[in-house]
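Before any questions on how it binds or moves, here is one chain, the form predicted on its own, in structure tokens.
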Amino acid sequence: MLMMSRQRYMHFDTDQPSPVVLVADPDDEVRAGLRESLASIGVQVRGYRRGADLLRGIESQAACVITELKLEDMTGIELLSQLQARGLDLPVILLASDGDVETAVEAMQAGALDFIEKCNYERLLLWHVGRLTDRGALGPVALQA
């Protein structure tokens, strides 16, 4: 996994409440990594192993949802559909360890904001979440292997 350097260039109002992002991923390490990465831009993460748990803990003020394509109890696309069925118009970003073009197209047609392969996800997620939460534009960010 690529790790981002700690040197970031951010511009956001620290007096505003921290935005909340909901993350559904069965992998504890992925959830912890996202929590750490998004904290660096002033965003709180609520992590869930299963889609049903996220749906029970849904927060209407959440900025977005980040979900693994393959959850323990449903797919990320099914989670997106259930959010839409509840009338929740939250941006949803799907992560996939082994996604293919057909699944990516299906996710985008279902209304996903993006479909990102896990092998290269951290910088793109920070950009999306930063943009969605007005948590500043990331300037030059050095990627380290």
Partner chain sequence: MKEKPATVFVVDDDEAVRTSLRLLLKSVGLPVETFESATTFLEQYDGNRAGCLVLDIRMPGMSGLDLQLALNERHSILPIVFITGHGDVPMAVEAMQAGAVDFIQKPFRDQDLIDRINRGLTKDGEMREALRARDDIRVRISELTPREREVLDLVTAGKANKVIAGDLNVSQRTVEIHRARVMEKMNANSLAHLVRMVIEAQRED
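Keep in mind that what you see is a predicted model, and the values were worked out from it rather than measured. Residue numbers count along the first chain shown, from 1.
The protein also exists as the form predicted in complex with the partner chain; that form is not presented, and the subsequent description refers to it.
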### Task
Identify which of 59, 89, 28, 100 has a heavy atom within 4.5 Å of the partner chain in the predicted bound form; exactly one of them does.
100
### Task
Tell me, out of 55, 77, 104, 45, which residue has a non-hydrogen atom within 4.5 angstroms of the partner chain in the predicted bound form.
104
### Message
Whether residue 36 contacts the partner chain in the predicted bound form should be assessed with a 4.5 Å heavy atom distance threshold; does it?
### Response
no
### Exercise: residue 32 in contact with the partner chain in the predicted bound form, heavy atom 4.5 Å
no
### Message
Can you tell me if residue 41 lies within 4.5 angstroms of the partner chain in the predicted bound form, counting non-hydrogen atoms only?
### Response
no
### Message
Can you tell me whether residue 109 touches the partner chain? I mean in the predicted bound form, with a 4.5 angstroms heavy atom cut-off.
### Response
yes
### Query
Counting only non-hydrogen atoms, which stretch in 45 to 53, 79 to 87, 109 to 117, 64 to 72 is within 4.5 Å of the partner chain in the predicted bound form?
109 to 117
